[in-house]
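Next up: a single chain in structure tokens, the form predicted on its own.
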Amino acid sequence: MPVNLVEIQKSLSSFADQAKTHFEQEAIYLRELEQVLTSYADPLDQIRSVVGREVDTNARLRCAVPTDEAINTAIPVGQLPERVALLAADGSQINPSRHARVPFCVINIGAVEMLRGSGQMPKVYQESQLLDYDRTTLPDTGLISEGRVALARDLAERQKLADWSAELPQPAIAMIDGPLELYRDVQQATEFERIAWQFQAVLEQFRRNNVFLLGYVDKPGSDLLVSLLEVIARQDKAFQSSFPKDRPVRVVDTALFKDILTAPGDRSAVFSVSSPTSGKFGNDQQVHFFFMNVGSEDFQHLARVEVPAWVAGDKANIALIQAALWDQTRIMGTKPYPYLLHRSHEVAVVSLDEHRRVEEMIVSEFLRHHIPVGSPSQKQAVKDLMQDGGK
């Protein structure tokens, strides 16, 4: 047995006690946040002024900023037009491994198109890219890192989505799973700066083609609105005592919207994002977001939807996206998740057998060109033996 369940059992009581204390503290802090939210629901100009003053002294601030709707508003879902074009894309990859016979990396992008109201069957797109050997094997670090591969995959995913959606009939919506911005950590900062201009060009491609791009975050853990309320509270004497500089516990935005977005299909106000990187995307491409209850009467489920500023600037665009996502999540029944995102993941995922087949193809090509081929590490050889059932 790989896990000693007896040892785990000994820690369960303490673990549960700690969790109970945490949730109690979270509930107390949530009530304090809700009071600030109620008091500052509508004075939008005042809120923006507060954020502006905070940015002057805290350049690293990352928080929500209201646009033109009360921050505690709930807007019901409207009717979806008879015809709308939708395209969703997802990506996966084979990361290079020093345990393999040869170093290689594959990025696989899949997409599914639906012309709702046309009666046509969904259309599937797929592109598989074998990264150049020189991109895979680097002189400074050896094999390309998984972080760099993920960054390249995310950029390729957005690029192919822009290309494949260019000829969609209007109105057209293109969607990805996850935030719109490319994910980067500290280790990928240099690589991100190298491709940032490419990312901006891709975003601009959607705008030129009038395709409404969105990022769908299924189980958001963001605290952008919470951070905004904390900034407000620390500048208001009526709330300062309850909001020390170091927050006592982390509360996520969905906790605040739980009692606001009560009706299935409801969306929140649209917010922009104040952050150190938001200004780099220009006025048209800055990320905006809203929350949406895609659940049912018996099962509330809040998702975060991200869109560029040029899309968010017209409430008709937001209404179309809201109605389209509501329609997509209804297709999945009791698992409210956009159908096309689910299908695009199925198209993009790389199976273990496909992984092995690609490696075999590369090994064969190396041998044909008299290029040395290594042997797998003994660790990998044992894993392969176990996966093959010891045959």
Partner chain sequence: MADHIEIGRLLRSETTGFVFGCKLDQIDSPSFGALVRVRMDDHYQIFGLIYDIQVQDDGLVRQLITSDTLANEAWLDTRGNRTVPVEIGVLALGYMLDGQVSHLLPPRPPLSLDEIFLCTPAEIAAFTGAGRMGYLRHVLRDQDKPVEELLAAHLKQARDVQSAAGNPAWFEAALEEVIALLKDDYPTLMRVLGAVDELELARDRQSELNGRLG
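Residue numbers count along the first chain shown, from 1. Small disclaimer: the values here were computed from a predicted structure and weren't measured.
Just so it is clear, the following notes concern the form predicted together with the partner chain, a form of the same protein that is not shown.
The candidate stretches are 61-69, 34-42, 48-56, 326-334, and the one lying within 4.5 Å of the partner chain in the model of the complex by heavy atoms is 326-334. Comment: the partner chain is not present in this chain, but in the model of the complex one of A201, A263, M121, A316 has a heavy atom within 4.5 Å of it, namely M121.
This chain is drawn without the partner chain; in the model of the complex, the residue among L115, A166, I144, V273 with a heavy atom within 4.5 Å of it is L115. Taking non-hydrogen atoms only, E346 approaches the partner chain to within 4.5 angstroms in the model of the complex.
The shortest heavy atom separation between H342 and the partner chain in the model of the complex is within 4.5 Å.
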